[in-house]
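A lone chain, given as structure tokens: the form predicted alone.
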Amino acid sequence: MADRVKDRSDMRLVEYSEIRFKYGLQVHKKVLFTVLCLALAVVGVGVTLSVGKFDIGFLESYIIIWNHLMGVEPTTLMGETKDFIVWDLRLPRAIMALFVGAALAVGGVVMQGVMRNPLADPYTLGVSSAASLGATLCIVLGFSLVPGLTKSAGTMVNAFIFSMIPIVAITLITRFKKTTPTMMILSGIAIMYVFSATTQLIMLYADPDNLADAYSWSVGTLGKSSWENLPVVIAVTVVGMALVSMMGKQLNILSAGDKISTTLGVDTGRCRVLLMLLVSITTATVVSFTGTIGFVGLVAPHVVRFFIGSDNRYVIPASACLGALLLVLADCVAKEAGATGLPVGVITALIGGPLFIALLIRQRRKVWN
């Protein structure tokens, strides 16, 4: 009898060891995928620093940055020109692409988890269209919510303030009336159409110069990135992603449904609103500097889930790295397309749409649940 008991204990220990080993392999796979995406994003920065109207070598770009950090002054006129192009023009744009892509991707993860809808992303609640209306009002009509600002600053301030209107409206609705995730999405879509229609109406009466600026902003561009506006984007993105990552377990529980979440002791209403506010503030900040850049928040989380599963504790950082990589690569294509380049939002839509369709067709198993 004693031998049988011992044999069973040994078998349980072996089974437990096998389970721990398999779980460890899965965790290592998820971490490896995240690190790989991050490494590729860093390499992508070198690529985007090299491409443009003025060709600069891949390694030469990193050398220029290193010399600039070390205080080594260029010795020739050509060296000064390359230093200006890499450090003052291309590097802020590349860094902006990294953090904007990360912010949009994490926003997509949270929105899809909170709404329990695989088609949700940060723009589902009308944040994008509201920001577009605010920017268009300043560009076309010269209307700024904060008087005394320059046109560029007024555009960004308008975009940020207007982008928060849908969030405040939906938050008030959820506070005074019990709502479902579907109702929240439909409310956001309704607000989106109202703001989009208003924006189009204003653009009908715009002069050609202002119309071009408004259009460029509405489709998303990284061309206005500078060292002056980078600190705000970086700070808000880092803080937002850190807070969202800390709520990864709660997001997993929310994805299982309200009944299960309540049973496990999670205040679904409060948790959902808090996550929405975090994502909305981060997205509003990003959108106010770059305009509308779509599909990153929709495609990146699905690609990540396809490879590493649906545990949001790992999906959030992996999506941030993949989103950064996707936007950096899209910016490379945007700068190389045509004589004057293209807005990066156009490239993300052209690449993201077919990629998303391909994922849906090739996907043989459900990675959402």
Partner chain sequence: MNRNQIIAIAAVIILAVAGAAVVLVTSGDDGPSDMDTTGRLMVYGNATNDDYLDNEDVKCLEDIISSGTWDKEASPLADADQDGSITEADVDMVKRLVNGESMTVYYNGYSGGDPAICKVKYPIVNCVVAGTNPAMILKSIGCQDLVVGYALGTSPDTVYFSDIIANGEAVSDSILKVDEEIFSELGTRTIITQDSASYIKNESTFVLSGADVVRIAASNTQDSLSSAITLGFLMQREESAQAYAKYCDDLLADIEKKLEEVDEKVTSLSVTMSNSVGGTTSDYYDATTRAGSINIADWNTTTQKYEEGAEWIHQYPAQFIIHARTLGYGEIDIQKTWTSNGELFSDTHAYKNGNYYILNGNIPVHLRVAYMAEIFYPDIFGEGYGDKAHQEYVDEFLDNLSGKYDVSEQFVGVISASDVS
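Residue numbers count along the first chain shown, from 1. Quick caveat, the model's predicted, so the values are computed rather than measured. Just so we're on the same page, rigid core means the largest C-alpha set that superposes within 1.5 Å between forms.
Heads up, the form predicted together with its partner chain isn't pictured, but that's what we're talking about next.
In short, of 183 to 191, 292 to 300, 274 to 282, 77 to 85 it is 77 to 85 that has heavy atoms within 4.5 Å of its partner chain in the predicted complex. Distance criterion of 4.5 Å from any heavy atom to its partner chain in the predicted complex singles out 212 from the list 201, 172, 239, 212. Checked against its partner chain in the predicted complex, the candidates 161, 234, 140, 89 yield a single residue with a heavy atom inside 4.5 Å, and that residue is 89. In the predicted complex, at least one heavy atom of residue 53 sits within 4.5 Å of its partner chain.
Contact between residue 216 and its partner chain in the predicted complex is found at the 4.5 Å heavy atom cutoff. Scanning 272 to 288 for heavy atoms within 4.5 Å of its partner chain in the predicted complex gives no residues at all. Core-superposed comparison between this form and the one not shown: CA of residue 61 displaced by 2 Å or more.
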